[in-house]
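Given as structure tokens, the chain that follows is alone and in the form predicted alone.
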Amino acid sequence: MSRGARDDVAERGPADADRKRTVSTDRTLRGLAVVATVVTALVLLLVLYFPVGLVFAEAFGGARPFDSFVTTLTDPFYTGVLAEVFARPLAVGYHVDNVLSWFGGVSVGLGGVDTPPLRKGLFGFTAYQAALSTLASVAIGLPGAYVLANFEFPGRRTLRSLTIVPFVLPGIMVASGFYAAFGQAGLLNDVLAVVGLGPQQLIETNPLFVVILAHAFYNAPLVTRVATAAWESVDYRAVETARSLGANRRRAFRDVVLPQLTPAIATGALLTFLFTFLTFPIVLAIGGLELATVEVWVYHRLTETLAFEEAATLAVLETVISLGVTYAYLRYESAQRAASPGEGPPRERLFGRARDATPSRLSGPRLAGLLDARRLAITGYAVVVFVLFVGPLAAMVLEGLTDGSGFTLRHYEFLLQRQAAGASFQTKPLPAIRNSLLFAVATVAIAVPMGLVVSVASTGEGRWRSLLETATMLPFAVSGIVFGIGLLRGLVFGISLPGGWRFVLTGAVAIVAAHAVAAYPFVVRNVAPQLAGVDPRLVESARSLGASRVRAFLDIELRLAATGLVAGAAFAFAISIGEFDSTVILASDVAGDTVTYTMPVAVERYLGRRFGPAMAMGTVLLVVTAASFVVVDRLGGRVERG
């Protein structure tokens, strides 16, 4: 071999080695992607579709499979005035005459609009209270997003982090907080008595109003969080352009800002409607069967009368409605994905104008700045938010620090004694805290890859994409009761396998899997829109330079979707911390370190026997959750900043 040939071989050596390493790395990444996809499919099949399918199958167990649906749909108790439509679907003229007759009975007078009675039925009332709860949540949540996105003030970032805290509190604890705040012997009446006003009986006289407030307590922060992220991504250059062309502030908001916020508002409204349509513990605790929703009635039929077929039929119909709403939303969202994110509006100082930041005392212009109409409106809004959100939480904290005769720490002493000397079958606080945090971290570790896989699968073009996306959003549409019973019958009792084997999934693994299934849709909803918004020319450029498809995804698409990934991880953490319905079914109390109950389950168990220690445990849950989210949000902010 000549010297030149030897030099060529020597030069090709390192290049060949680099190429082999690149090929090997790509193969490894493709293998990991395949494994993640297979694991995601198995988890969804075993922990979601199979258990839910077991429950739904009960609805078709009669002599004729659809008899139970016909009976339910034609019963006015369930479908109200629509029962006649389902019973006589071809009598169009008769139904039109009924509608015209109803509108003919509407009268307008000085006292307002008077309408004839309209029987809603169980499904109608459930949709009615969900619609009212959605309106209340959007009305309360949007001003919060406006303040957080447009104003700077001390503690803004911490307040932004804490907006997720109400969303993760167990429903039974929120109901207890509302009783402690707005009940006949609650905190509100104590405050009213101090100023000489008589006691109010909000829960006793208007339970629906309190239920709607409790739903807003849960969901308005969700609306705030989603809308704040959208408001901070508004393309403000378009606003400046509109203002330079003569548009006033209101016109610029209506024509430029509002269209960019609409998808986020629709997202918050849809999620709120779904959550409140499937509401269970709050309605059961505050309204009971008097305000029964479909979910409460399913629980009642299962536990009181063991009417399994009827409950399964209601659950199927409830899920069909929820999936229909989800599908319609996804079609709408896919049409809104073209918008590109901006840098958001510049923030004003909430207390005083920016140019007045340095004076040491109130000057005239600064005082005018403090008293302008917007800041006065924000002050009024802050008062409402304080009463609605801080009131129940403060009442819960006070219940943990009082016993009717004054201030006491004996409820916390009870928790310490239970931890130090409690029997192995009793619920202790430290294992509950430890399990909640460990399960939440494990849930993030599973739900984020699952959400990423589903996001990639559901991103792109095609007529079946929306259907696939809707099917993967099933956890949004299935009630917690149905999911929990399905897990119990499918996983805890075991699945028969060929050869006499039996697949049983219990304990921490089952709980984390259930939490991951409940949480991954939130990752999808945050990541998929960002992946869909990536400029395909960036990916094509990387491919033309030799990057494999997997490498281009990791280096370009995943980095551009990092913000959504962090937000999805925060939601997954939140869902796991507050999850109750499936955890209370799957949690075990085996002696030693194998206990798997969490903080929400501990609160529920204490509530059954001791209200004071339950509120003390609820306060511990509140503190741990708030501290966790401040840390998660700060870590997420560092990841986003890169």
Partner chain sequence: MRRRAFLSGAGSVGALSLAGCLTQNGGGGEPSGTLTVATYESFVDSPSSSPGGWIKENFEAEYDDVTVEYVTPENGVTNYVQRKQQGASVDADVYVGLNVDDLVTIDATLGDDTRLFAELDRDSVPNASHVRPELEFGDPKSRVLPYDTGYISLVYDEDEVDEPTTFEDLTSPAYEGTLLAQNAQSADSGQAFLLWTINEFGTDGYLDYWRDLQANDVRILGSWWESYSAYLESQRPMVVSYSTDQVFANVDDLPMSRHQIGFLNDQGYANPEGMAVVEGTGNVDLAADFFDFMLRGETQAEIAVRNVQFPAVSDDQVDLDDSFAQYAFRPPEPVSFGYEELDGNLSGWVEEWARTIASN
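Residue numbers count along the first chain shown, from 1. Computed from a predicted model, the values in this text were never measured in an experiment.
Below, we turn to the form predicted in complex with its partner chain, even though it does not appear here.
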ask   = Would D75 count as a contact of its partner chain in the predicted complex, using a 4.5 angstroms cut-off between non-hydrogen atoms?
value = yes
key: its partner chain contact at E290 in the predicted complex, heavy atom, 4.5 Å   = yes
ask   = I485 near its partner chain in the predicted complex, any heavy atom under 4.5 Å?
value = yes
ask   = Taking heavy atoms and a 4.5 Å cut-off, does F611 contact its partner chain in the predicted complex?
value = yes
ask   = its partner chain isn't shown here, but in the predicted complex which of D114, E204, E413, E540 has a heavy atom within 4.5 Å of it?
value = E204
ask   = Among the candidate residues N248, T379, S496, S244, which is the single one with a non-hydrogen atom no more than 4.5 Å from its partner chain in the predicted complex?
value = S496
inquiry  = Heavy atoms within 4.5 Å of its partner chain in the predicted complex: which stretch in 252 to 260, 176 to 184, 192 to 200, 129 to 137 meets that?
reply    = 176 to 184
message = I have L122, Q426 and R605 flagged as a candidate spot, so tell me whether each of them has a non-hydrogen atom within 4.5 Å of its partner chain in the predicted complex.
response = yes
